[in-house]
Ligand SMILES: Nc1ncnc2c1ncn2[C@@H]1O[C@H](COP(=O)(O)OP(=O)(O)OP(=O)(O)O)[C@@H](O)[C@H]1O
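Next up is one chain by itself, shown in structure tokens, the form predicted on its own.
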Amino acid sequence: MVTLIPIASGKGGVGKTVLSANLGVCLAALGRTVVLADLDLGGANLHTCLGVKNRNPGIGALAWRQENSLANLLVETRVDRLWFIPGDNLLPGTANLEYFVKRRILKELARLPADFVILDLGAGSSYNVVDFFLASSSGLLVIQPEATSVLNAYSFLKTSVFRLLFRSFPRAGEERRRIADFASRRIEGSGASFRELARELARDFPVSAPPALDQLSRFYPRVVLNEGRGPKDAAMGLHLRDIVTRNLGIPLEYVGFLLRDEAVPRSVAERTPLAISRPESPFARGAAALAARISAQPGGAPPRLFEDDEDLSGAWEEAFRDRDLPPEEDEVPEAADRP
């Protein structure tokens, strides 16, 4: 059975794509068959990190019905057991997928002949990114030891949690209206929490709520801190875990601490993952440790969500418009002092 590993970030520039490439190499080195799928559909550049020329059709070919299967888009890499599906952002409109296309891509990904399929997602909390992230109950969220990165990661997880619960109920139901109404409130610092919403749903919808809440209880995202330098930076990941647990009521596993490594930008320029060119470098060793952990504990089954021919629209869009606020600045510690 294929395991999907979506990799997301609340903001760009945190090293998500570099991690995706190196994690794929490290998992393949452990004897796993891996597919790297570039789903950063507005700015696909995973091919650069892998050293694969941008001349192959990709996701856009499926979106525009030029190809009928993702398996036909698989591209060989220089690494045994590692395959690649380009993002194909050369075709206009690929970044704004209609829901039925996104649903088809998710179904095709789950059918690929691989042990792991790594989804390199775009940055931010757009509906495409969030729904691809929810293809797994244990996706990876990459952060840097900066207040803005932690704030945006929290905002991403908040949107993901509400989206997961929202789609755990059928369309046009009172449950969805109640969730959208709760999402319009600021819960940080208010004394309210996501647990309060769960209690309300369990009380008022005794038939439909328990299965949805049980599914939510199995949602267990994982965070990786990149470009760390020491204990103060490591504490940023722990703090994110604490505010997510306190405000959203979900667990967050802190699975990786990747050291800042001057060899990383050189590897991008050389178009060769560090796990290939410099496997003893600090970053490559951290990626290998993360791969070993994921290989041993792949994560849970994906959530079973109701289909939806609307994205973050209607009542949901109205609830979140200009209201999805990050935690107060004083909830996030400063990054470690830089030399």
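Residue numbers run from 1 along the displayed sequence. Please read all numbers here as calculations on a predicted model, not as lab measurements.
Just so it is clear, the following notes concern the form predicted in complex with this ligand, a form of the same protein that is not shown.
Although the partner is absent from this view, residue 236 stays clear of this ligand in the predicted complex, with no non-hydrogen atom inside 4.5 angstroms. None of the heavy atoms of residue 216 is located within 4.5 Å of this ligand in the predicted complex. Although the partner is absent from this view, residue 97 stays clear of this ligand in the predicted complex, with no non-hydrogen atom inside 4.5 angstroms. Contact check for residue 248: every heavy atom lies farther than 4.5 Å from this ligand in the predicted complex. Partner proximity in the predicted complex, defined as non-hydrogen atoms within 4.5 angstroms of this ligand, places exactly one of 238-246, 130-138, 97-105, 222-230 at the interface: 222-230. The contact residue chosen from 109, 180, 123, 255 relative to this ligand in the predicted complex is 123, the criterion being a non-hydrogen atom within 4.5 angstroms. Out of the listed residues 157, 264, 150, 82, 264 is the one that sits within 4.5 Å of this ligand in the predicted complex by at least one heavy atom. With respect to this ligand in the predicted complex, the three residues 16, 259 and 268 uniformly fall within 4.5 angstroms at the level of their nearest heavy atom.
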